[in-house]
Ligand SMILES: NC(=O)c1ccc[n+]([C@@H]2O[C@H](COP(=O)([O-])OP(=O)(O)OC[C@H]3O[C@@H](n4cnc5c(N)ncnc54)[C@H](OP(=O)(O)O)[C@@H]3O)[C@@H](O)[C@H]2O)c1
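Read the single chain below, which is given as C-alpha cells and is the form predicted alone.
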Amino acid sequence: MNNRIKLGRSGLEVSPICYGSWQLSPKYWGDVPTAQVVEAARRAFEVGVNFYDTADAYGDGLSEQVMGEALAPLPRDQIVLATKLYWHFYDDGRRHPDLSGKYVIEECENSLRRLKMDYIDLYQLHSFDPLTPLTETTEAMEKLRKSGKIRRYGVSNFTVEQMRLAGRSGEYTTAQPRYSLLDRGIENDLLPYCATEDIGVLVFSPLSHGLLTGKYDGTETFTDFRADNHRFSGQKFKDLAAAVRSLAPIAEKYDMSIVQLVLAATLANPYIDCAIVGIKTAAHIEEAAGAMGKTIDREDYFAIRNAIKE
C-alpha cells in the first residue's frame, strides 16, 4: 500500500490518513499505556501510514517523547512528522499562549530534543496568539526553516481572516482545522480559501472523539473529557449513536466498517487532503488505514451526510 498525496504547496508527500497522538494527553484522555502507543505508531507505518501529528502541549511534552521513541526505528526520510507550538508550559502546570519569536526558537529546540530528531517536517502554530504580531512569529519560523530545523510551517485552529494575515507575512503552507461530518462549518469559508491558495488541509477530530465510529449505542458513560460533552450524554447521545449505526448497510455495500466509511466520506471532499485520526491501539490504525484509496458514490455520500446531523 502506497497511498500518497501532495499536501498543498508544501510539497510534503503524505498518506491521507494521519496518525494523531492527542490521546497522549492524560488531562483529557486519562492514562494510555506508552508501550501500546509505540506499537500502534510502528504498526501505522506497516499498513501504509507515513504521516504523524503531535504537539508539545499534549501531555506537556509527553506525546512528543513517546512519538520520538516510537518512530526512532523507522526510516526518517520516509516519514513526515508534524508537531505544534502555542502554549508556554511550566513544570508546575502553569501555561499561557506564547508565539513570541524568542519562544518559537526555544520551543522548537525543546521539541527536537523530546522527539530525538534533527528536524521537523511540519511545524504548526497551534492557535492564534493575540499578543504577538504574526510578522514576529513568522520571522522566527523562517529562521528555523533556513537553518534546516523545520521543512515547512503551517497553522491550526485559525479563522479565515487569521489565515489571510498569516499569508501576508510568510509561507504558511498548511492548515489544521476541526472538521467532521457533524462539524462542517469550514466548508463555507476556510476550505475554499485554502483551495484558492493551494494550502494543504489536514483535519482533526474527523470521528468526533469516537462518536462517529459506530461503536456506541448511546448508553455508555465516560471518565475522560467526554463526560462533560453534551453529545455524549442523554437523549442526544442515544440519537446520534443510532444515526451513526444506521450507516451499517452503506458500509457493508462497500465492504467497509463504519469508521472506514466515515473517513472515506470525509476524504471525499476535494478540499480536504488528510484526516488525522486519534489512535490508541494498533487495531485502531489498522482499521483507519483501510479507508485510504476507498471511494463512495455521490448518492451514498449525501445519504451519509443527511444521516449524521444534529
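Residue numbers run from 1 along the displayed sequence. Model, not experiment: these values are computed from the prediction.
Quick note: we don't show the form predicted in complex with the named molecule, though the next part is all about it.
- Of the heavy atoms in R114, none are within 4.5 Å of the named molecule in the predicted complex.
- For H284, a non-hydrogen atom is located within 4.5 Å of the named molecule in the predicted complex, even though that partner is not displayed.
- None of the heavy atoms of F51 is located within 4.5 Å of the named molecule in the predicted complex.
- Although the partner is absent from this view, Y301 stays clear of the named molecule in the predicted complex, with no non-hydrogen atom inside 4.5 angstroms.
- The single contact residue among V244, I276, A44, A265, judged by any heavy atom lying within 4.5 Å of the named molecule in the predicted complex, is I276.
- Checked against the named molecule in the predicted complex, the candidates F128, F237, F204, Y193 yield a single residue with a heavy atom inside 4.5 Å, and that residue is F204.
- Highlighted residues G101, K143 and K149: none comes within 4.5 Å of the named molecule in the predicted complex, counting any heavy atom.
- In short, of 134-142, 88-96, 67-75, 155-163 it is 155-163 that has heavy atoms within 4.5 Å of the named molecule in the predicted complex.
- For the stretch 196-232, the set of residues having any non-hydrogen atom within 4.5 angstroms of the named molecule in the predicted complex comprises F204, S205, P206, L207, S208, H209, G210, T213, K215, Y216, R226, in sequence order.
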